[in-house]
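Read the single chain below, which is given as structure tokens and is the form predicted on its own.
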Amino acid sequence: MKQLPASIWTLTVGILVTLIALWAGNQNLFFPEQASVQAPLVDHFFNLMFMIAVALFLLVAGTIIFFAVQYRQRPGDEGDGVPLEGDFSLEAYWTLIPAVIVIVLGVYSVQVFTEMGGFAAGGGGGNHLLMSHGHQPHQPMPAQLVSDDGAEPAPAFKAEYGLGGSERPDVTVTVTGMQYAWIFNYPEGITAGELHIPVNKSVQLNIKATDVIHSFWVPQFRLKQDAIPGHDTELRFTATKVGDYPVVCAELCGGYHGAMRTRVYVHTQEEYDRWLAENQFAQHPDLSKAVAVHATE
């Protein structure tokens, strides 16, 4: 049987490698569910990188195995190997192709970073300030922080790093990382140990740290942002699925780093409004509306 030309073998191998790489790149085997607008952007970029990695692995590993088998030393063969010299065209190809891949991935990564708001940190859309208490929902943000004891107001929050935006977010929450907990402060005067947000609404987290570097990470949102002492950071996102998801500190911050976890609860708008109302009353009860009961003997 006449041997097939090398061009046919090359075309066949190329098609098989491409099909396997395309299949592997669309399996999304490594991530949990997508629960934010930003998640598909990250996943598409990762899937492209994984597809390229699978193709390169199959080509390199396949070539090594093929040559190891095809050109192995046969029994009784004591001769020298075939003398080979460098091939300029081959070296040019295996330099040019990786260079093109790196450039394409670099351009794509900048596009994803831009769409997620990476170049909009501190843009003004979410640099709002919170009062210690007394602010009611849907009212304009106060001009400065006010303390109960009349001390000097805290400085304005001005994000230096993170994912931001130029438009005003629907919800703004101040997040404070400390050893070993996350504290969430709302403009409505609510302080909580979990993050509560409405679904399909733009949320901005103004992130601070009181001691060491922490990292606020929600795997289902595909978002992570460091909390840096002395430097304000921010994180802008929109949750797309009602549910609760883990919040993990992804930066080694001390002996109990592994226990620095909480949850983010994504509510419908009605549930979120009810949660705000209940917690406003619980933390700042209006005693004029309370019912007094006189105990009789």
Partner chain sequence: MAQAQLPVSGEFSAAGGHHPTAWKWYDYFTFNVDHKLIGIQYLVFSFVFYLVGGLMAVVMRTELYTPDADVIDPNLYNALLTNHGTIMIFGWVVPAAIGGFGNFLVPLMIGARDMAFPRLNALAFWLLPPAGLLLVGSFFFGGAQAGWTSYPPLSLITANTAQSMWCLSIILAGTSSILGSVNFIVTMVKMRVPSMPWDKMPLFCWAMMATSILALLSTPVLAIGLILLLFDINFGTSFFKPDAGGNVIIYQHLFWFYSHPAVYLMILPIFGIMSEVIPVHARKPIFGYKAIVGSSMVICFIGLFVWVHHMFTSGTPPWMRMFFTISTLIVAVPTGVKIFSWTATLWGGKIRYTSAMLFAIGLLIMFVVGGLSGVTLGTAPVDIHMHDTYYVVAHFHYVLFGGSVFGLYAGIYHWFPKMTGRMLNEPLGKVHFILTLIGANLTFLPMHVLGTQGMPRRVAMYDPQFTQINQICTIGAFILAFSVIPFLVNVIWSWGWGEKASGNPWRALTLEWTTDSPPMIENWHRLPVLTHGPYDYGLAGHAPSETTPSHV
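Positions refer to the first chain, counted from 1. The structure displayed is predicted, hence computed values, not measured ones.
The form predicted together with its partner chain exists for this protein as well; it is not shown, and the discussion that follows is about that form.
Trainee: Would you classify residue 224 as touching its partner chain in the predicted complex, given a 4.5 Å non-hydrogen atom cut-off?
Mentor: It does: once its partner chain is placed as it appears in the predicted complex, residue 224 has a heavy atom within 4.5 Å of it.
Trainee: So in the predicted complex, is its partner chain close enough to residue 253 to count as touching (4.5 Å, heavy atoms)?
Mentor: Result yes; residue 253 sits at the interface with its partner chain in the predicted complex.
Trainee: In the predicted complex, does residue 167 come within 4.5 Å of its partner chain, counting heavy atoms only?
Mentor: Close contact is absent here: in the predicted complex, residue 167 is far from its partner chain, nothing within 4.5 Å, heavy atoms only.
Trainee: Do residue 162 and its partner chain share at least one heavy atom pair within 4.5 Å in the predicted complex?
Mentor: Taking the distances in the predicted complex, the answer for residue 162 is yes, it comes within 4.5 Å of its partner chain.
Trainee: Work out which of the listed stretches, 185 to 193, 71 to 79, 167 to 175, 198 to 206, brings a heavy atom within 4.5 angstroms of its partner chain in the predicted complex.
Mentor: Checking each option against the 4.5 Å cut-off leaves 71 to 79.
Trainee: With the partner left out here, which residues of 85 to 119 have a non-hydrogen atom within 4.5 Å of its partner chain in the predicted complex?
Mentor: Read in sequence order, the residues that approach its partner chain (within 4.5 Å, in the predicted complex) are 85, 86, 87, 90, 91, 94, 95, 98, 99, 102, 105, 106, 109, 110, 112, 113, 116, 118, 119.
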